[in-house]
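Next comes just one chain, in structure tokens: the form predicted alone.
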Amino acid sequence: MLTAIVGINWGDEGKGRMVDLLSEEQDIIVRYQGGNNAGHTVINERGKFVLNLLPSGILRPDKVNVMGNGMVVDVEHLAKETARLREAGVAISPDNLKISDRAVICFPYNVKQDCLEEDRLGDKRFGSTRRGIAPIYADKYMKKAVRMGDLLQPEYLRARLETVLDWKNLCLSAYGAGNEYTVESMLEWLEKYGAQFKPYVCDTGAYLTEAAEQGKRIMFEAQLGALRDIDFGIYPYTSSSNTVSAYAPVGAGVPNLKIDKTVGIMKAYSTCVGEGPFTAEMFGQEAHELREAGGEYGAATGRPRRVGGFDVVASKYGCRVQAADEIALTKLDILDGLDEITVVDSYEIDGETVTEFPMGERLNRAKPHVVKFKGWKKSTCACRKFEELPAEAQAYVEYIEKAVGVYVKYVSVGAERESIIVR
């Protein structure tokens, strides 16, 4: 059984929380794209954990975790992330963590280029996390990247870095920052932070293919959401990778395998970090109260998230491009204190009512059509059955389910593992 856990909207939907919950029934958990530019938050009996690179299954001692070839790996960040987890008592070894030899390494010069480009763009910036993600994915597709498997071949690694840095320093010189990085300095950086991961590097495609043949249960964990996908998101305000479920087998190293089920994760309201069109956005005191109630600050960067009512148009589109079979609706409890619940059921563009998610300049011109639902004004945190929810909360969930056209299988009413309703 191969299951994908993916975001339906702009990211930050609570995928880490759901992967942690659903991974109990899995054997292997795979991150298949992205880098350390987003955080998956998990709360369990040992405390609160924010994971940037490691799959969320790393917190379960009996699971194998894989970092796929679709990822970009900042080994300095990975070294620090694994060190923090070990200090908290989480066991990490080549037995429970495997890193694709084809995953590319995100270097300090990629981070530098990311920061310089955002500064150059000024008011036209993309809202980057400034962690080098766009530059390293660009390097990958220009065939100028170094891969994790190269760590195992020292002579080739040096020759590869010489070629790459000749070119990269030319690029950086346009910003006035050329020749800052040398082959020796990058080899020293790799030795300090990357060498420790050599025993973890392997052909994860071969490993996962064999596991699937043995009937192992494999879960693919996405980073960010459908609206940040490089092809299907709010381009150019997207990430630089494919966040959709269709890419999961490719980014995991097993394009020969097919996904059996896709679980889409979305919040009971809308949030968005970074720049770009966000039609459902609220402002002022209403936005402040919702942001504070939901703790809506980026797990990776701490940036305040933009917030708004549930967006039917964006969510229905996200469900389609993710091929969602069922939905996990998170943070319903955050709406417990509201008198009215805001929903954007359609857009208005140049006087026309629009129910299909637009792209480009049309999306920039979209205005929200808002409808209101009566709030339930009761705590849902102790509810463990759908029938225990207040009638208004049940009606709200059923409305969302009908509006996006996908069954809401899970309803989260808290951050803890047990705070879940399974329908």
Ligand code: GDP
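Each residue number is its position in the shown sequence, starting from 1. Treat the numbers as computed from the prediction; the structure is a model and nothing was measured.
The discussion below concerns the form predicted in complex with guanosine-5'-diphosphate (GDP), not included here.
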Partner-free chain; cross-checking guanosine-5'-diphosphate (GDP) in the predicted complex, the single residue of K112, K168, K98, R305 with a heavy atom within 4.5 Å is R305
Which residue, K331, R131, H77, R147, has a heavy atom that falls within 4.5 Å of guanosine-5'-diphosphate (GDP) in the predicted complex? K331
Look at the stretches 79-87, 333-341, 208-216, 182-190 and give the one with heavy atoms within 4.5 Å of guanosine-5'-diphosphate (GDP) in the predicted complex. 333-341
Flag I43 as yes or no: does it have a non-hydrogen atom within 4.5 angstroms of any non-hydrogen atom of guanosine-5'-diphosphate (GDP) in the predicted complex? yes
Using 4.5 Å between non-hydrogen atoms, is D20 touching guanosine-5'-diphosphate (GDP) in the predicted complex? no
Any of the heavy atoms of S412 lying within 4.5 Å of guanosine-5'-diphosphate (GDP) in the predicted complex? yes
Would you please decide whether G39 lies within 4.5 angstroms of guanosine-5'-diphosphate (GDP) in the predicted complex, comparing each non-hydrogen atom pair? yes
Even though the chain is shown alone, can you say which residues of 260-280 have a heavy atom within 4.5 Å of guanosine-5'-diphosphate (GDP) in the predicted complex? none
